[in-house]
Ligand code: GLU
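Given next, in structure tokens, is a single chain: the form predicted on its own.
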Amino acid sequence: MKKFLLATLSLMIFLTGCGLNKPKEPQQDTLDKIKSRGKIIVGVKYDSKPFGFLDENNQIQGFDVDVAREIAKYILGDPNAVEFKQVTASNRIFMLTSDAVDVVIATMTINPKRLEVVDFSQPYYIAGQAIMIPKNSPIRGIKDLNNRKVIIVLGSTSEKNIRMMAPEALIQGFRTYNDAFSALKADRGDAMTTDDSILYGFAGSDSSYKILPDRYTKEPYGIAIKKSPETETLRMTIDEALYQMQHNGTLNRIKHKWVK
């Protein structure tokens, strides 16, 4: 019996060792996966006019949407070979790292903290943090935000910036930009701050608000890609597409179409 138990134990150790040493199957290259699928899945915002928003026909439109279509055209030869999924400032990295989307094109600023968890393309747009206020407001600059209620969107770089530049501001956080602007209109805050590219859409649709002239940061927007060896070819291909779009005037045409 003792010999039988020893033999059984040895067999279990051998089988366990074989399992541990079994080579992992190589992951499929993400670019190849996109080409095999016949479409690229892109995370965009649905509440950030003019970069990503739903029009009166409930169709997704905007600067980021047009960039996504150009990327699809470059990779797959068809600007319509793209599936859009909604992301927010707070969930877009999770959507990317969980493989719910292939890339995120959603007014996403390239910064060192994000580069620790995701990769980025080269910048395709440079925004700047601004302040939007009611037209009759006495606020004239960022220092005037101290001891006032300032509306931000959670998970955005604007939240961190405003805490540094106006440390006594009373931060009011919301999950989406539409919620944030609705709060401003309901007098739940004295000002709203985020990238000027997003504020343009709100101020353009409601003449009772204005954007102050100063810009407090430079926010380079990049296309976010999962940090993985399997995505390296995709990242390089997207950079090639953006380089071509920059030099043939496509990015400028998209900018002039959406950012007035």
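Remember, predicted model here, so these are calculated numbers, not experimental data. Don't overthink the numbering: it's just position in the shown sequence, from 1.
This protein has a second form, the form predicted together with ligand GLU, left out of what is shown; the following refers to that one.
Asks: Looking at 163-171, 150-158, 72-80, 179-187, which lies within 4.5 angstroms of ligand GLU in the predicted complex, counting heavy atoms?
Replies: Answer to the contact question: 150-158.
Asks: Sort through Leu145, Ala130, Val103, Met108 and report the residue having a heavy atom within 4.5 Å of ligand GLU in the predicted complex.
Replies: Filtering the options by heavy-atom distance leaves Met108.
Asks: Note which of Ala224, Val44, Ile198, Met192 lies within 4.5 Å of ligand GLU in the predicted complex, where distance is taken over heavy atoms; exactly one does.
Replies: Only one option qualifies, and that one is Ile198.
Asks: Answer yes if any heavy atom of Lys85 is within 4.5 Å of a heavy atom of ligand GLU in the predicted complex; otherwise answer no.
Replies: No - in the predicted complex, heavy atoms of Lys85 and ligand GLU never come within 4.5 Å of each other.
Asks: Contact between Ala89 and ligand GLU in the predicted complex at 4.5 Å, heavy atoms?
Replies: Contact check for Ala89: yes, within 4.5 Å of ligand GLU in the predicted complex.
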